[in-house]
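Take a look at this single chain, the form predicted on its own, given in structure tokens.
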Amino acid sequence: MLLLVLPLATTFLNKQNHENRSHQPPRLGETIPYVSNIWQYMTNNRLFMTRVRQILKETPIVQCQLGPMNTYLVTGSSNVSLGFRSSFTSEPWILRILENAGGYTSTDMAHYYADRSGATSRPRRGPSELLPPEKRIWHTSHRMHDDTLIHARPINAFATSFQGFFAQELEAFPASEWVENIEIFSFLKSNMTAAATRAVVGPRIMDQNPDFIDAFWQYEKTPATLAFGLPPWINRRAVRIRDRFGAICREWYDLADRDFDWEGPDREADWEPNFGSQVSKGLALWAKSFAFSSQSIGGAFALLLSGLHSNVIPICGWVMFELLQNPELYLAVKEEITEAEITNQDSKVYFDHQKLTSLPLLQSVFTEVMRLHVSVLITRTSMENVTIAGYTLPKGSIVQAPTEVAHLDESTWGKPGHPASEFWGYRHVKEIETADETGNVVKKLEFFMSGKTGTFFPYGGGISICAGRFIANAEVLLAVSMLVSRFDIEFVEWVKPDGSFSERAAIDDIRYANAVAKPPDRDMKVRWRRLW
């Protein structure tokens, strides 16, 4: 009897499994289950994304096994926009980042796992909804980031501090003398990192650690791969680099906290030399309010610095590359930014960062670089059953929207003579007619990006949209404007990472996974002369 039942049962189960699979999105194949896709994602991201783009041309949703995570990759404006609604959360992905890329302790992670009330002011229904507001770690974190990264005061303070520190870096070059063999991206990785770090956390962390910049750029490569939570034996080197940089941040924090008077007048100062900005002090105070360990606070500052530098500096490098390859575009931007110049009491020229963000051509160039080089998998988890592209996904499904697919869509971005895959500085402006002060009709450029929801999302979207986006925008535009206005710059040649001549221009570095703006795999050698 058993011999008769087993074949029938096997046939029934196989048929049921086939029917279940037929109601699921197609799957991105892999040679070795649980290994092939994540390995390619980590080691040859360009090839991985080429496969993803190819299959998403045929279907707006595809399943993909990335190590331990089964994800659904989606494209299309409406499908991407669904992920930014309240039925999705980024909390599980943030937990992975904090624990694996930040190195938070299990004791401190327990605060996050215990709080299911969410980030909004109104708590979600459930066991955590009765928590006192000050004990809701997701909500207080969100509010702290709003207060220190989004409000006008901290953004204005950062713009002032950054310009001052970056000016010091630029003034190290002699005025009116040509300096040879400047590699633009290497310069930015060193000097822009130094200026922005001092502006946000003060000078002590660099004074205490002469190798801080090298340690940071080693760490910068690790968060994306660490976040997936692969076994330590696979990511041993990345874990070691994370722990080293986390220790640098922890030791700095311990000394800064010891020496700082939290009840004194510097607590409200926009900048002071111990903790730096309100961004830094706000993070420290919030972490202290939950009695975080020094290890976790060090990890928090490591992630803060990663967010500060990892996207901004590559984007700034790409903007400079594109301007210097196109002398006509370079001169047009150089003329445009004069509209944002201001003279302070010290008679030095600075820039109004708010004015810079309103300059149409500069904004178009910046947006175009973001479109081409920000490559992020925006990751959300469904909090209920959801329907995407006709498929019903169960509660707890991980949905990822690759910016690279949406940002390179030809039907959205292509223009005659300017395919979506190529840089075109004027892609996001249009020419309009307007009356000048005397009433004469004149033509001018206007920045234009309306109707792009779900097709352009370099900072994500919804409640989890990047809180530091305004400071990031200000930093890029200020750095570019300061370089363009203060220097005569001449292109010399492209060089490889070892400084040797390269026969081709830079492209995206394939080693970087979909978590940050992709840096260039080549550098641009220039000669420059400081004008003032």
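All of these numbers come straight from a predicted model, not from anything done at the bench. Just count from 1 along the sequence shown to find any residue number.
This protein has a second form, the form predicted in complex with a small molecule, left out of what is shown; the following refers to that one.
Here the marked residues Val376, Gly460 and Ala472 all reach the small molecule in the predicted complex, each with a heavy atom within 4.5 angstroms. Between 394 to 402, 227 to 235, 255 to 263, 306 to 314, the stretch whose residues reach within 4.5 angstroms of the small molecule in the predicted complex through a non-hydrogen atom is 306 to 314. Checking Ser464, Gln40, Gln65, Ser502 against the small molecule in the predicted complex, a heavy atom within 4.5 Å turns up for just one residue: Ser464. With the partner omitted from this view, the residue of Ile94, Ala340, Leu324, Ala194 that lies near the small molecule in the predicted complex is Ile94 [heavy atom within 4.5 Å]. When the small molecule is considered in the predicted complex, Val516 lines it closely, a heavy atom lying within 4.5 Å. Put simply, Met370 is close to the small molecule in the predicted complex: some heavy atom of it is within 4.5 Å. Shown alone here, Gly468 lies within 4.5 Å of the small molecule in the predicted complex, counting heavy atoms only. Among residues of the shown chain, His428 is not one whose heavy atoms approach the small molecule to within 4.5 Å in the predicted complex.
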